[in-house]
Structure formats: C-alpha cells, structure tokens
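Next up: a single chain in structure tokens, the form predicted on its own.
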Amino acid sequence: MSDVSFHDLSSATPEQRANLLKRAEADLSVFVEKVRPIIEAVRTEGDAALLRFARDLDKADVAAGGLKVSEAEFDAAFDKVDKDVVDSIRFGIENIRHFHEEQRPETMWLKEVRPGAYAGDRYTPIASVALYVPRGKGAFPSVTMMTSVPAVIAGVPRIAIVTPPTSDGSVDAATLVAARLAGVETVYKCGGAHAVAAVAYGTETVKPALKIVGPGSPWVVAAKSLLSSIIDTGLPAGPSEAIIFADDSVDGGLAALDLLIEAEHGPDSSAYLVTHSRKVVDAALAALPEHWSRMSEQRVEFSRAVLTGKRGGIVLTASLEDSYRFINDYAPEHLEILSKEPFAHLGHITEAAEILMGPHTPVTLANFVLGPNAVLPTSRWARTYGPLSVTDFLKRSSVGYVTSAAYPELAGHARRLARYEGFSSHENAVSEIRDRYLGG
C-alpha cells in the first residue's frame, strides 16, 4: 500500500507540516463565487428557484407544491424502513436524549452578589431554527437525530429540517423516521446552498429561521459564510475529519480499521493515523487491503482518495510528545485515542472536539448511539468551539435586581466610574437626580 500518503514528521519542513493542517474548506473562494447567484435567485424567486435547483443541482424531480414533506409521506416512511433499523434509531435517540437532557441549564439562576443585589442568567429557546441534514454522499438519519433531539429538549417552538431530495422527489425514509421520533414534523426538500438561502430569506413554502445548524459540503459552508449577517450559522461544521492516535500498545490493523471510518464520507474528508510507532505503521499498511475488501466500491473510492491525497494518510512522529503536539495543532473534529491506557494520554490533548477513549470506543458508536453530539466543529475550530449542544438552541439573558437597601452602595461606585469614563448621562442616572424621583 505504498500509495497511501506517508508523512515523517521528524523530517517535514514547516511548510509541509502546515500543509498537513489544511482542510477541504480552507479556500472557499471558488465556491463563494458559484454560490452567490444561487443565493440571489432564491432571494428573488423563492420556491421557483428551489424547484429549479432541485432539478438542476440535486437531479431530483420535486413537484410544484411539494417542497414540504406531507404527513402522509411521514407515515409511509415507517413502512419503508426495516423494523430493526427503526429500533436502532429509537435506541440512538434515547441515548442522545439522556445525554442532552443533562446539558440543559436551569431556566434561571440568581446570586446575591451584595446584600440585596442580585444578578444571574435566564435561558430561553431560540424562536426558530433550521437543521441541515446532508444527503450528497449518502443518507444521514444520524444527523437528524443529533440536531433534532437537542433542539427539542431546548424547547425551540419552530424547528424545520432542510435536506436534499432523492431523484424521485422524496426524502430519505430513515431521515423522516428519525425526525418524527425525535419530535420534528417539518421537513423541506431542499439542500446545498439553496437550502441555506431558503431558511435565511424564506420563500412561499419555506419559513425563515433565525439560526441554521448542521454539517455540510463546502457549498453549504460557503453559503453560510455569505449569509452570516442574515442568519446565525452556528458552529462551523464542514466535511468530516478525524485523527486516529495510536500508541504501541494496540495493533496497527485496528488503527487502520478506524482510520477508514471518517475517510469513507467523501473525497473532501480528512483522516490521519498519528503514531510514533513504526510497528503500528507497518501493521496498518498491511491491514488496509483486507479492510477495503470488505467495503462497498463507492466507500473504497472515497477513502482511497482521502488516504492517498493531501488531507489524509499516516503521520509518523518522533515521540509521544510530537504526536500530542501535532494533534493539538490540527484540532480535529474526531479524535480516537487507541491505547490500553487511554487516560494516560488524555491530559496531553487540549484541542479536539470529540475525544474517544480506548479500543472499544470507535467513532462509529459516537456517530450513532453513544449519546454525545456528533455535529462537531471542523477546520481547526475545535480550538474555540465545542460540539453542538442544547445551549446552541438557547439564548442567554443576564438578569439583575437591586433592592432599595443595596442601591446606594452600588450607585456610588458606578457614579465614580461613569464620571471617570466621561459618560455624564450614566453618572446622572445614579445621582441625586434619581434620588429625587425615588423619593430619597
């Protein structure tokens, strides 16, 4: 398997090392220019543009008046999906719900910061949110589960899913099953940049939303970038990326098995095996042909493109410390720590959106059923963002309440600071003028 990209970090130049950190969406300029006219068409033409783009871009036959999934289509979806798959969706949603229920903060808290003076926070749900569920390289009911459940737990009054239609103008049946079981009944048949524009501006059928969340292609990322002043685009979630970190206590064949998980999403994914062990490298390379022989042709094509390209392969480091340093510089979306003692490594990793510990916790479990959210920041945004959570669907208001007894002390300090900063109206509002109105 000499065609798999191999990078010896000990001899890499600064430029070569920097190139290893690049993602598919690093340069969106080509996509931005193509997306601009799509956005403008949706803004000015509404449903007509969505129907045209469904035909021309999604290669789907969506009937006029059929952009919104009907109740009958929801009902029929349960007959189209195997009962075992429905049961697994239920199982996953149950775990995702248990996890995210623990995230929901109390509606309001107040702390007495001084005798008689109270300050705190109040959380209320965002009024309307759109959930983007991709379709281009497969069907993803798991994304529906991961985005819908926390939105429902947060209490968002109006939740809608946007997802590309299939060629016959329908929506993936398992996605509809997951939506209904999670508690979402509004699904629109549109994807890509035109879906982002639709929920930003609204059309005759699609209601505008205040925020959109969910992963997508560079086309979706570009549209979010252009529309960020119109709609809150949430955490940056682009094409999949993963680092499989392995020490010398595990078989490299296992590392190779997990390296393919995110690599099979598509050729725009990023996936690296990072290790300081040459033994692990050799075993991984030897195991890849067998793993590929058990995959579908399309997924082999996708993962080969990643592992033989510029955004994937094997990174050999000089030491554990070098491995930690590379991982933190990369700030991956998904990180597996393959080790018999994974907690020995955990304290050295500070920049990763998701950290999965030990040989029994592959990304597959986290993507579907473990419970933590699998919608994660990509392209090094794990340095400042965390996974999608209930709080992404809530807005926080500061709350303050000062009693008459506490007011004089606070007013005196605030008045002096207002005077120092030169804000006379601020000063007047806590001066003797206020005292007269208050009868003091």
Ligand SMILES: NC(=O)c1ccc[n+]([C@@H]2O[C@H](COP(=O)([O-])OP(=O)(O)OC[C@H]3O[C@@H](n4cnc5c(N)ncnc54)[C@H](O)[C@@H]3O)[C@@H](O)[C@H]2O)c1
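Worth saying up front: this structure is predicted, and the values here are computed from it rather than measured. Start at 1 and count along the sequence shown; that's the residue number.
In what follows, reference is made to the form predicted in complex with this ligand, a form of this protein that is not presented.
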> Any idea which of 213-221, 71-79, 150-158, 310-318 reaches within 4.5 Å of this ligand in the predicted bound form, heavy atoms considered?
Replying inline: 213-221
>> Would you classify Ile38 as touching this ligand in the predicted bound form, given a 4.5 Å non-hydrogen atom cut-off?
In response: yes
>> Is it the case that Gly252, even though its partner is missing from this view, gets within 4.5 Å of this ligand in the predicted bound form, heavy atoms only?
In response: no
> Going by a heavy atom distance of 4.5 Å, is Val399 a contact of this ligand in the predicted bound form?
Replying inline: no
> in the predicted bound form, does Val375 have a heavy atom within 4.5 Å of this ligand?
Replying inline: yes
> Which residue among Pro362, Pro164, Pro342, Pro125 has a heavy atom within 4.5 angstroms of this ligand in the predicted bound form?
Replying inline: Pro164
> Here the chain is shown alone; which of Ala256, Val143, Ala271, Ala179 has a heavy atom within 4.5 Å of this ligand in the predicted bound form?
Replying inline: Val143
>> With this ligand taken in the predicted bound form, which residues across 40-58 come within 4.5 angstroms through any non-hydrogen atom?
In response: Leu57, Asp58
